[in-house]
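Just one chain follows, in the form predicted on its own, and it is written as C-alpha cells.
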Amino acid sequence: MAKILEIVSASVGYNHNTVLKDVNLEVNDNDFIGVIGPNGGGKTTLLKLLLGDLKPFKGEVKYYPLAPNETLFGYLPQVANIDKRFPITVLDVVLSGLMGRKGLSGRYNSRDKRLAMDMLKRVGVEEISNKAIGELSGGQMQRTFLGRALIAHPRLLILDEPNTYVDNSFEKELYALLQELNKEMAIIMVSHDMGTITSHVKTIACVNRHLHYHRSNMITSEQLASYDCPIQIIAHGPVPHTVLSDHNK
C-alpha cells in the first residue's frame, strides 16, 4: 500500500504558541482515519498541518505524490466557515475544485462542466446546479462542497465534521458514499460522533495537544482517559441523551 504523506515529530501552532506537539502520523492509500478529541485540542490545527496551510515549528510533513499532476487532497471544510454572500453558483463551486489544474486564469471547457454535473449528480444536487450558494440549506451546501472536494479525484479526502449540517435524508447516503469512495482514495474524517467513527472508519487518531494513533476503529473509555482525551460521547436510545465523562476526577 503506497504512502501518501507522513508527519514526523512535528510541533505546530500560531504566533509561536504550540497547539500540537511532537505529532507523528502516516497516511497510506485506502486508509480511513477518524480524528476525535476535545474542542481546542488541535483537530483543526492538524488538518491545516496536513493541508500545508501551517508550517511546523519543528519536524516536517513529507508528501509522496505518485504522478506530477496528481491531486493529493480534496478538502470539505465546515459549512459554518463558508461565506454564503459570495456570488457563485453551485456548479461554479464544484468547478473551482479543478482550479489547481487549471490555474486562476484557466477556462473551464465542456468536458469540465460535464464532469462537474456528474459529480453533482453523485452527491444528489444536480437539480440546483444554477442556484446561488446563498440560497442553499446547510445540507445542500455540504453536498455541494463535497462535490468540489471530489471533482479532481484526490488520493486523500479530508472531511471536517461532515455530518454537522447534513440533512437526515443525506446522512445515510453520505456514509454509504464514503465507504465506496474509500475503495478509491484514503479518507481522514474529523467528527464528534463516536458512533459514526466506530461504525465507518478503520483507525482512530485522538488529538489533544498530542496525537495518539489507535490502529482499530474501536476505542474504550479507559484508552480515552489514558490519552487525556475527554471527548463528548453521544448515546442513542428511547430518550435522546448525551453522556459526558467526569472531567474533575
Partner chain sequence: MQNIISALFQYQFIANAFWAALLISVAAGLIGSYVVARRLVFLSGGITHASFGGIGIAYYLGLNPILGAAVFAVLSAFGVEALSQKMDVREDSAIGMLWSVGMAFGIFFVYLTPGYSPNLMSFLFGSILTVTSQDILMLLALNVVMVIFFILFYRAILYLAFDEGFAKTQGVPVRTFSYILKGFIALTIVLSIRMVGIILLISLLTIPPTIANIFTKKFNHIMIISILIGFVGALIGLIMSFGMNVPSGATIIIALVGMFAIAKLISYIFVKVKRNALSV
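From a predicted model like this one, the values you see are computed outputs, not experimental measurements. Numbering follows the first chain given and starts at 1.
The following text describes the form predicted in complex with the partner chain, which does not appear among the structures shown.
Contact annotation: the partner chain lies within 4.5 Å of heavy atoms from the stretch 48 to 56 in the model of the complex, the single such stretch among 31 to 39, 199 to 207, 48 to 56, 176 to 184. Contact annotation: D92 falls within 4.5 Å of the partner chain in the model of the complex, judged by heavy atom distances. In the model of the complex, the partner chain sits within 4.5 Å of a heavy atom belonging to Y75. Residue contact with the partner chain in the model of the complex: L120 places no heavy atom within 4.5 Å of it. For I133, a non-hydrogen atom is located within 4.5 Å of the partner chain in the model of the complex, even though that partner is not displayed. For the marked spot (V8, S11 and V19), a heavy atom within 4.5 Å of the partner chain in the model of the complex is absent from each of the three residues.
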